[in-house]
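Take a look at this single chain in structure tokens; it is the form predicted on its own.
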Amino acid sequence: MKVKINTSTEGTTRTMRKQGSLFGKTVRLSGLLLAAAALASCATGRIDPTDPVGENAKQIDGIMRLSGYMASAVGIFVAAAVIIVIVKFRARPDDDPNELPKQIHGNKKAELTWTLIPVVMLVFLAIVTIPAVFDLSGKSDGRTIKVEGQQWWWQFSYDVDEDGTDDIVTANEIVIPVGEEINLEIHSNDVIHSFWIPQLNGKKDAVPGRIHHWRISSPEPGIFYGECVEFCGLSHANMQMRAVVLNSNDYEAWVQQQLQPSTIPTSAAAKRGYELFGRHCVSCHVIDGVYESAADGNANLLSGVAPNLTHLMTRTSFAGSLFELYNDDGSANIAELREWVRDAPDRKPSRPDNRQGMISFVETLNNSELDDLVTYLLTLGGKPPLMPS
């Protein structure tokens, strides 16, 4: 018996199945991409680029939103066109699989339309963006703060008297007055880093041998969070920072407090800790007034710089702003600070053997000595003017 097979219908069915399968995969892939884009756009932790506060950040946010709206419009149009083409030109049961569609050379109107519209949109974006780029890179008439990136923390230096001398040096937290636009001179002491506090301004690289100028400001007091956004080695993800914005009176009080040098403690435990600091820590750290010359600019690190600890306890964080210096109830976070002093490489990835990061004192200090050293550190300055919420 001979069986006649309708190859035309069978071929059409296979074609429809393939196109249906392809369409299903396209829809699922698009859904995954949209979900990934949504997750990527969500702010993580305390760093929120979608909530600008400073005028510079608002200017960047406005341009980003404008370009996002334009890109969304293009995406919607393209997606609609794709769906229309899929539906209108899908295979049908009565189609002849061997029939070719009408062959045409092209459509000049369509080609000009999809070429000119993107050109006009890009020119418009350029007109809006280029002036903003030059404006953001300019300097203001306000005070200047020197920013230095190193593996893996930030240092901020203030020339209060404008005599060329760094009168105040802080680590990981830049303190500025409310409503004043601050000029930043951004440096790097080792590799390329990138300074970013998104609620106050965009990103600016810190490059060895170069000085990049940037500005930050905030119309309201508060603590704003940032991080390094240029991969810079092992603990790049742990290289964070904070901007502490104070009202005028609090800022002036903070400046006067920072200008006060440290003194030798009188209590027995703190004095023992002070002596331990002199034996184990002065090859890297500086404390103005008591240990200020041994490592000033000559720390035993590749960058040559370690955090100045003169007013350690006036800060809200330590170790590249990775750990809170105070608990929620306002008490000092002694347990975390003690563990950091005991074995810093275990708390934050680093390469102390290559002079990148703090060394471990597990084999050097016993428990009693650790307690004394931490007791001394707790005497370095009073509480910060603002505490993290």
Partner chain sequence: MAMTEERPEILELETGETTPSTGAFARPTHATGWRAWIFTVDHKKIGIMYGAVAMFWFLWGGIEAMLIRMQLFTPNGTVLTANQYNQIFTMHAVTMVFLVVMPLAAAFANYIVPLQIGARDVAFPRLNALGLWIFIFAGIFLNLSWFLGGGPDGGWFAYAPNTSVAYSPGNGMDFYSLGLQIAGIASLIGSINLIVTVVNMRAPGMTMLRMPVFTWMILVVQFLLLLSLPVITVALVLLSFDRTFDANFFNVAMGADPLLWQHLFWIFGHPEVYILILPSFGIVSETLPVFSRKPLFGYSVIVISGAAIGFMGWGVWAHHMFVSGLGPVGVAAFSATTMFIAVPTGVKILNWIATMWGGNLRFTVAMMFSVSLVSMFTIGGLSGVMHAIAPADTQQTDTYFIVAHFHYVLFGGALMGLFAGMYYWWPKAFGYQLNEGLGKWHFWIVLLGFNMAFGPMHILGLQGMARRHSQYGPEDGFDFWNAVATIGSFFILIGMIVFAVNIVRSWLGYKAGKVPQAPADPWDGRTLEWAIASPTPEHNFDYVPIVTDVDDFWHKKYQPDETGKLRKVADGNDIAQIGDQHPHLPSPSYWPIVLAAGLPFIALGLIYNLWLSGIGLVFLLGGMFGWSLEPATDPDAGHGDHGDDHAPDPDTPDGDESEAAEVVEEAPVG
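Since the structure is predicted, the reported quantities are computational estimates derived from the model, not experimental observations. Positions refer to the first chain, counted from 1.
Another form exists, predicted in complex with the partner chain; not displayed. Remarks below refer to it.
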Where does the partner chain sit in the predicted bound form: which of 140-148, 71-79, 166-174, 273-281, heavy atoms within 4.5 Å? 71-79
Since only the chain is shown here, I'm wondering whether P97 would be in contact with the partner chain in the predicted bound form (any heavy atom pair within 4.5 Å). yes
Should N107 be counted as a contact of the partner chain in the predicted bound form, where contact means heavy atoms within 4.5 Å? yes
Within a 4.5 Å heavy atom cut-off, is V290 in contact with the partner chain in the predicted bound form? no
Indicate whether the partner chain has at least one heavy atom within 4.5 Å of a heavy atom of H236 in the predicted bound form. yes
Which of these residues, V178, L259, L125, I264, gets a heavy atom within 4.5 Å of the partner chain in the predicted bound form? L125
Are there residues in 228-246 with a heavy atom within 4.5 Å of the partner chain in the predicted bound form, and which are they, in order? C228, V229, E230, F231, C232, G233, L234, H236, A237
